[in-house]
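Here we start with a single chain on its own, the form predicted on its own, put down as structure tokens.
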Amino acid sequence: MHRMFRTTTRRRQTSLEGMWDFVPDPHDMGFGEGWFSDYPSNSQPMWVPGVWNTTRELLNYEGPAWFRTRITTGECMAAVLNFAAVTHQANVWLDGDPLGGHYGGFLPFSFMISSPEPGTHELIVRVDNTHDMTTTVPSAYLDWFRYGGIPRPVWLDELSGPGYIASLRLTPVVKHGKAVLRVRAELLNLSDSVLDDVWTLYLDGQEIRSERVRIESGDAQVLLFAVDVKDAQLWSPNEPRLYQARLNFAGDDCIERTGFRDISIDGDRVLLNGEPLHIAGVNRHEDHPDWGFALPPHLMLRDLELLRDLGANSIRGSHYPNDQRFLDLCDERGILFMEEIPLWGFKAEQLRLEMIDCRTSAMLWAMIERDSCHPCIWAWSVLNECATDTPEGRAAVEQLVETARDADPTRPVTFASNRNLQDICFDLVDVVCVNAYYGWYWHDMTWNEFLDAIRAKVGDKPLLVTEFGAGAIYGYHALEPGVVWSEEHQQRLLIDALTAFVERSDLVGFYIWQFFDTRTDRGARALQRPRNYNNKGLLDEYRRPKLSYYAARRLLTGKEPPSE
């Protein structure tokens, strides 16, 4: 389903995974011709969750497309149609009637269907993955592929009781050895009369709070409270203790998981449960040649197995909110995670646009609203490699940092800069993150000279290298030193950087760019990318290790490469 654990015991949940009807709409005729009520007969099958850019005839298609499936409802008070993500614009109809729309390719949305007629219904979804330079986030200038489709789960919740828990947000807090669970929930009355009932919150099966509420017909009530959790066991990478919370109300319930840990800043250190945090991480896109964004759970698990084998302890979710099932797996396995919104590579003139301002703030708020429960997330990142050396960049960072801190004051806030010594925004964040590629793109300094200069600029703040690395084509070897795109050259540059990082006591850590090779678009960026891939992975796109994987593993764990 849509999570790695059961999320309700009261609702009838139906997965809509399977073959849907699919029609591309390159001339955008579907609206005018009423495809939402008169679906074309020339459709082809398309698997959901999935993306169309893994099919041969649509490898590079960008634009609108239409999906259709049929859903069956039984007797119920209401049904909720849920999408974990659609890339990027979605418009949805049921039996020809509009349910609504949503923009933003990596976050969930849902629609309430009041008193649906029992039986079979036609569900139509128009998807548009068009990117431009003035309204979309991300923009049309990218270094990853612009997949289109419905890449994450779709499911239907049928509600039989008069109550509905529309949301349940958990934020774990630990201060001075005391664990507190902050809870925000929204309760709805679906019935035609006043609802006078009791809600109860359970933690690991034990009742921890209960109250009676009175809600008028069709109204909602927001619960906002905090409860002390005595003798809570802390979540850590070595002991990832998770707690299950279940909220029960008027015939409905909702289950969520969380873990308690304390993240704080102490001078140039980040502390996890009072101990210095040392990040040895990788950047990871959600990408695979056969699946695109729509990685199935068994491939998520495979990536985490490889991460553990490498000796890494953290992932930077490049460059968008990741599948929540992957975050569930990180919670379970003690893998730390830095999460960010897809505000990537925006110039000053883009950052001043009102549409971009509104969409990025909404995306950041929605990401935190969805993911504050995950103990694996140790920091929120508000952008990557934008014009943070300009007044427009500073204004954008100020607003986004304020949004993040309003939404969740318990975690550090950061952004990743490639403006570095010219950046004017480092003072606004809790952790300074720099992207640099010495030995690959830049040759004017050594790593230590660069980091000394950054340290002098930012003073007593935590410092993290969030991108560094070099490219190599899997299987391309060279006897001579310095041969670009050879595995040997990538290995040498990676080890030079890692050696410098691990010898410095003033670094929180690093994220290698990147875990595995990823597909890029066919625009100007891709002209610099052999195979139309970003080839800086420690693994290739099928997760086959390069020399740099073994070199990094040796440095992080002491393991030697396998012998023949």
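Quick note: we count residues from 1 along the sequence shown, nothing fancier. Source: prediction; values computed, not measured.
Below, we refer to the form predicted in complex with alpha-D-galactopyranuronic acid (ADA), which is not included among the displayed structures.
K.L.:
Taking alpha-D-galactopyranuronic acid (ADA) as it sits in the predicted bound form, is residue 344 in contact with it (heavy atom to heavy atom, 4.5 Å or less)?
P.N.:
Although alpha-D-galactopyranuronic acid (ADA) is absent here, residue 344 would touch it in the predicted bound form, with heavy atoms inside 4.5 Å.
K.L.:
Answer for residue 381 alone: is it within 4.5 Å of alpha-D-galactopyranuronic acid (ADA) in the predicted bound form, judged on heavy atom distances?
P.N.:
Looking in the predicted bound form, residue contacts with alpha-D-galactopyranuronic acid (ADA) do not include residue 381, since no heavy atom lies within 4.5 Å.
K.L.:
Does alpha-D-galactopyranuronic acid (ADA) get within 4.5 angstroms of any non-hydrogen atom of residue 319 in the predicted bound form?
P.N.:
Answer yes; at least one heavy atom of residue 319 falls within 4.5 Å of alpha-D-galactopyranuronic acid (ADA) in the predicted bound form.
K.L.:
So, in the predicted bound form, is residue 111 in contact with alpha-D-galactopyranuronic acid (ADA) at a 4.5 angstroms heavy atom limit?
P.N.:
It does not: once alpha-D-galactopyranuronic acid (ADA) is placed as it appears in the predicted bound form, residue 111 has no heavy atom within 4.5 Å of it.
K.L.:
Heavy atoms within 4.5 Å of alpha-D-galactopyranuronic acid (ADA) in the predicted bound form: which of the stretches 435-443, 292-300, 240-248, 113-121 has them?
P.N.:
Comparing against alpha-D-galactopyranuronic acid (ADA) in the predicted bound form, the contact stretch is 435-443.
K.L.:
By the heavy atom within 4.5 Å rule, which residue out of 339, 371, 328, 467 makes contact with alpha-D-galactopyranuronic acid (ADA) in the predicted bound form?
P.N.:
Of 339, 371, 328, 467, the residue with a heavy atom within 4.5 Å of alpha-D-galactopyranuronic acid (ADA) in the predicted bound form is 467.
K.L.:
Exactly one of 430, 158, 488, 143 has a non-hydrogen atom within 4.5 Å of alpha-D-galactopyranuronic acid (ADA) in the predicted bound form; which residue is it?
P.N.:
Comparing distances to alpha-D-galactopyranuronic acid (ADA) in the predicted bound form, the residue within 4.5 Å is 143.
K.L.:
May I ask whether 385, 513 and 534 each come within 4.5 Å of alpha-D-galactopyranuronic acid (ADA) in the predicted bound form, counting any non-hydrogen atom?
P.N.:
Yes: each residue has a heavy atom within 4.5 Å of the partner.
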